[in-house]
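Below you'll find only one chain, the form predicted alone, shown as C-alpha cells.
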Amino acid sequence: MIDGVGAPHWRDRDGWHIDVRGLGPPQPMLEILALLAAVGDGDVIVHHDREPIFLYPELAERGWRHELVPGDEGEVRLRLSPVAS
C-alpha cells in the first residue's frame, strides 16, 4: 500500500488500480491525485461511480492523459497515462 492514499489501491499487471467508488466529492479526485504523485509514471486504472469531469484539467496540468475503458456494469473506468515527453 502507498502512504497517503486511503482508497483501496493495488498493483496489477496492467498498472496501479484505485477504487474510489462510493466516495463523495472531492475525495475521489484527492485520492487519485495522491496516487499519481506517489507512482510517478506508468498506467493507473481508476474505478469510479461517475465520469470525473473536474479531474481532467488537473490531469492535463500534471502531464497525464485519460481514456475511458470498458468496466463493470455501473462503473466508469479510466486509464490514466503519463503524457510522453
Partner chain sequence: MTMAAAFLGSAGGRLLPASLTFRFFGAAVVCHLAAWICLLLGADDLAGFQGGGGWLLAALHLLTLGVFVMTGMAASLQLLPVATLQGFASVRPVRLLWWLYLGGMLLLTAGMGAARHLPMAAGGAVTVAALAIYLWLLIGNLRGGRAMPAVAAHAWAAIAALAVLALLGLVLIVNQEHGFLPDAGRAAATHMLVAGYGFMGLFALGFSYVLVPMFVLAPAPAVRPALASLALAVLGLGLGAGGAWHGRDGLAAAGGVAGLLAAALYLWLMRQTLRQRMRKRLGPEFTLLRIAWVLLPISLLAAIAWALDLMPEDGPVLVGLLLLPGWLLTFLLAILQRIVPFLASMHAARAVKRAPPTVSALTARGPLAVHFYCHLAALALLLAGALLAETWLIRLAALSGIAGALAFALFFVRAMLKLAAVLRPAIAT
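Numbering follows the first chain given and starts at 1. From a predicted model like this one, the values you see are computed outputs, not experimental measurements.
The following text describes the form predicted together with its partner chain, which does not appear among the structures shown.
Margin query: For its partner chain, considered in the predicted bound form: do all three of Leu33, Ile53 and Pro57 come within 4.5 Å of it, counting heavy atoms only?
Written below: Yes, the whole candidate spot contacts its partner chain.
Next item on the list: With heavy atoms only and a cut-off of 4.5 Å, decide whether Met29 touches its partner chain in the predicted bound form.
Entry: So Met29 counts as contacting its partner chain.
Check: Counting only non-hydrogen atoms and a 4.5 angstroms cut-off, does Glu61 reach its partner chain in the predicted bound form?
Finding: Output for Glu61 is yes: heavy atoms within 4.5 Å of its partner chain.
Item checked: is_contact(Asp72, its partner chain) in the predicted bound form, heavy atom dist at most 4.5 Å -> It does: once its partner chain is placed as it appears in the predicted bound form, Asp72 has a heavy atom within 4.5 Å of it.
Check: Even though its partner chain is not shown here, does Met1 get within 4.5 Å of it in the predicted bound form, heavy atoms only?
Finding: Residue-level check for Met1: no, no contact with its partner chain.
Notebook entry, point to check: Can you name the residues of 1-22 that have a non-hydrogen atom within 4.5 angstroms of its partner chain in the predicted bound form?
Noted result: The stretch does not touch the partner at all.
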